[in-house]
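Listed next as structure tokens is one chain, alone, in the form predicted alone.
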Amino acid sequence: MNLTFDERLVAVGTGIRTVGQLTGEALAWIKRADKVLYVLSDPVSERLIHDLNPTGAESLQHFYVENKVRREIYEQMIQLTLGYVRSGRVVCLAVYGHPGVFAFPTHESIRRARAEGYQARMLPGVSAEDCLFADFNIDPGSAGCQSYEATDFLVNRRITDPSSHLILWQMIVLGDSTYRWQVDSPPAMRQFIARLTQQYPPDHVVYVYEASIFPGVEARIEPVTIAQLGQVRYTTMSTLYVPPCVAPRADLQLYQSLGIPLG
């Protein structure tokens, strides 16, 4: 593998299961960096980071405080990251999953670093969505796939297609701007259910999903009807998968004119 180490800041993902999903490129940067600032989901991953870079590894987990506004948490992470960059160090910002998927501090740290003239980039990783496609054995190309942050889906009235797959992220903070580790029912659940039932029947079965973070451990795949969503426990790892409930409305005339066979 030919790597150039010209960047001063690199954001990497460790995958959902660091053991087996950490890419060779991310591994090289973790070893190479002067500082490895990390947000990980389990102690095994944390131990691995310290083994790979024993003198430079530093957790950002202490910034997460229950009921603290998430934007304040993210800003503290960004400021610490840029502080090390400005001091002349090569910084690797390592987060679980994909560093560009629902990871504001990585995007904003890179944006600000580049604005100040530093070379910075992001490397891809395995996200919870990738694990979901594998665990449910679905191909997003078969029916299309829509993906929204849950609060954004609700308050911005995103237009959805019930004949397509729908993935809703960060259920635990639905209607809440603060950090939570676990809740039994997010604040805006009643409005969320009402919004979903505008396009899906209340008895449509959906799934609360949490990708497995350890090899040999099964993912959480909990079926529940839309009407029952307020009775489910949610954690920071919870994603909601809504399968299609209707077939797509085909334009038969267009099919015929294009010579595309039906079925």
Partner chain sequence: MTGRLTPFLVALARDPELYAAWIRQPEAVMVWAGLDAEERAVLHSRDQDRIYQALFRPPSAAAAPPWSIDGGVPSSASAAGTAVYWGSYAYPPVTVTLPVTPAPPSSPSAPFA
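These numbers come from a predicted model, not from an experiment. Positions refer to the first chain, counted from 1.
The same protein also has a form predicted in complex with its partner chain, omitted here; what follows describes it.
The closest heavy atom approach of Pro43 to its partner chain in the model of the complex falls within 4.5 Å. Contact annotation: Glu66 falls outside 4.5 Å of its partner chain in the model of the complex, judged by heavy atom distances.
When contacts are judged by a 4.5 Å heavy atom cut-off, Thr18 counts as touching its partner chain in the model of the complex.
The closest non-hydrogen atom of Leu48 lies within 4.5 Å of its partner chain in the model of the complex. Only one of 222-230, 193-201, 66-74, 208-216 lies within 4.5 Å of its partner chain in the model of the complex by heavy atoms, and it is 208-216. A heavy atom within 4.5 Å of its partner chain in the model of the complex is found for exactly one of Val36, Leu60, Leu52, Ala26: Leu52.
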